[in-house]
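Here we start with a single chain on its own, the form predicted alone, put down as structure tokens.
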């Protein structure tokens, strides 16, 4: 994608500045290198490596040894590179930084998805992302087995506390959005109380985000909301948010459809990877 090429150029420029001062020691030399996993986790970011290094050396050769979203173990080789030595050295840090960050997100996501296995509840991300990295971070969530919530404010309408207060209530806020949004757009209402959740369904919301409800509350509330939606004649997506990762399993048994969490993106450590240079034959 053109946008990815632009990002890679900008990220390389951030590190290279006016140029790698070590390059004269490597001019005319070719080299080989490979990546190693130093921790167990889920690998993500491999498809970015070749285009990044080829901005520095158009003839760079790359062999991916691990598919995206696949588990890796310490000491496992992930990919092999061969090309100009100066390009290998210049692109090393930027490429590793990207892959370690994305692999950390994928690894954290996979751990949470595993907690929900068998529950029939899908784990999705949020808009709490690093500016400029949203698409890649959300891609990493998918590589870890999670799903994506809104990519941006133009993806779906989510009415929160301030919208509702300033619009004059849930019904008024939903009606205003319905009157102006494109017909495929979904309308989601964030509810902090049972009364707000019921009002959202009565107003015709496509989804209700149940914020900071306890599992026992949802066990009682979810069937009631499903019944109200059935009376309305259209299904509703019920989502829980504002939960702690250690409570995932409890929430997974409440009958909700989605659990949204920012934890894999905002709290995950990077997965430790390294690039090892090989002696020329």
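Only a predicted model underlies this, so the values are computations on that prediction, with no experimental measurement involved. Numbering follows the first chain given and starts at 1.
Beyond what is shown, the protein has a form predicted together with another copy of the chain; the following relates to that form.
Undergrad: Looking at 82, 77, 194, 186, which has any heavy atom no more than 4.5 Å from another copy of the chain in the model of the complex?
TA: Contact with another copy of the chain in the model of the complex is made by 186 alone.
Undergrad: Can you work out which of 111, 135, 203, 116 has a heavy atom no more than 4.5 Å from another copy of the chain in the model of the complex?
TA: If I apply the 4.5 Å criterion carefully, the residue I get is 135.
Undergrad: Against another copy of the chain in the model of the complex, would residue 31 count as a contact residue? Criterion: heavy atoms within 4.5 Å.
TA: Yes, residue 31 sits close enough to another copy of the chain in the model of the complex that at least one of its heavy atoms falls within 4.5 Å.
Undergrad: In the model of the complex, does residue 152 have a heavy atom within 4.5 Å of another copy of the chain?
TA: Answer yes; at least one heavy atom of residue 152 falls within 4.5 Å of another copy of the chain in the model of the complex.
Undergrad: Using a 4.5 Å heavy atom cut-off, state whether residue 26 contacts another copy of the chain in the model of the complex.
TA: Yes, contact at 4.5 Å.
Undergrad: Hey, in the model of the complex, is residue 219 touching another copy of the chain, heavy atoms inside 4.5 Å?
TA: The answer is no: residue 219 has no heavy atom within 4.5 Å of another copy of the chain.
Undergrad: Going through 174 to 189, which residues have a heavy atom within 4.5 Å of another copy of the chain in the model of the complex? Please give them in sequence order.
TA: In sequence order, 176, 177, 178, 179, 180, 181, 182, 183, 184, 185, 186, 188 come within 4.5 Å of the partner.
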